[in-house]
Ligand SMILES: Cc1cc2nc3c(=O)[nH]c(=O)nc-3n(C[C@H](O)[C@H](O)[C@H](O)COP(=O)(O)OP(=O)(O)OC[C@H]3O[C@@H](n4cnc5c(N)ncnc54)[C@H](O)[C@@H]3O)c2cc1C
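Quick heads-up: it's one chain on its own, the form predicted alone, in structure tokens.
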């Protein structure tokens, strides 16, 4: 009989196992992949963006509960420490022997290798004598009032308490699946509809002419002429739609709108991609002067944007890209300028899970005690990380949530164990 069984050997599950093991619990960690931390190896483009020094709860989203800031705050609160969430992450990885560096508030291991994080975690698990079962997929969990019986295809385990840390459906090649949600549903939990997140957006427009183009841009997500969210950075145009980190950061809101059968748009500013908003004025000034009248409009635009984007913008405004500026009516040039400042695309879908970094939606947080992460439905069951209906933007926020929710569940299981 184990004190605690953790299903899922990702960031949340490993952090939970380390925490509970350090507190003296007899721990079993079960992972269906052939090694622990498979998704962790891929985070931050292989560099593992652990956390962010700009820690704002508004960088997280929830699909259903308007009071979720309060709930996340409780999850992040550590009764044993007054440290902020990012400081808690630094303290935890430092206890594993990892040094960190900051790059524009993004916190990485000093090695710039995700493998160093996984290796340090696994070394600690082995040092604590945590029982690890790899290539073991759980097919059933039954609560027997005083303990859980957990079944794989080949064996069964008994444990006083259980943590579900299976992760979401993204990146099936790295172990993403629906298995965790199915176990939660079997145990009586409500699953807020899930969807891909931190992913590209498919659009109705034909982007063949600009597929493969990258452009620094300011973007905004609109619904019924209202701005829902904004971002900026390198935008990538693909055959299907729009991608890049700036798109990933609005994908959660876009997905939530699509789930409601609404029709959002992405508005792209190709001229003013920083906070100065001066390029548009320079553009207007130059097309209004006679200094460049001898140039073709595509050649002139190429001084501001990629030549394929210049061709595409001309096509949208029914302007011959080979026409000279002097040949184009001033009204049409101003219309072109407005297109470059607010190029609109109609979103009709999200990229699928295999092209998404995260899964949004999940177990309703109203069914979880946010102080402990224990289920309000099943005594001794804890749910962590991506399984919960919490998702964050890029920048280390999701890994912070996974690790700290795992740590909280491990501490809570210890406290409950001591009180029994």
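Please read all numbers here as calculations on a predicted model, not as lab measurements. Positions refer to the first chain, counted from 1.
The protein also exists as the form predicted in complex with the named molecule; that form is not presented, and the subsequent description refers to it.
This chain is drawn without the named molecule; in the model of the complex, the residue among 147, 92, 304, 171 with a heavy atom within 4.5 Å of it is 171. For the candidate set 240, 137, 262, 230, a heavy atom within 4.5 Å of the named molecule in the model of the complex is found for exactly one residue, namely 137. Contact annotation for the candidate site: 143, 366 and 374 all lie away from the named molecule in the model of the complex (no heavy atom within 4.5 Å). With a 4.5 Å cutoff on heavy atoms, residue 5 does not count as touching the named molecule in the model of the complex; it lies far away. When the named molecule is considered in the model of the complex, residue 404 lies well away from it, no heavy atom lying within 4.5 Å. Interface membership of residue 410, defined by any non-hydrogen atom within 4.5 Å of the named molecule in the model of the complex, is ruled out. Although the partner is absent here, residue 19 is not a contact residue: none of its heavy atoms lies within 4.5 angstroms of the named molecule in the model of the complex. Of the candidate stretches 159-167, 327-335, 230-238, 120-128, only 159-167 has residues whose heavy atoms lie within 4.5 Å of the named molecule in the model of the complex. Residues are counted as partner-facing when one of their heavy atoms sits within 4.5 Å of the named molecule in the model of the complex; in 28-47 these are 30, 31, 32, 33, 39, 42, 43, 44, in sequence order.
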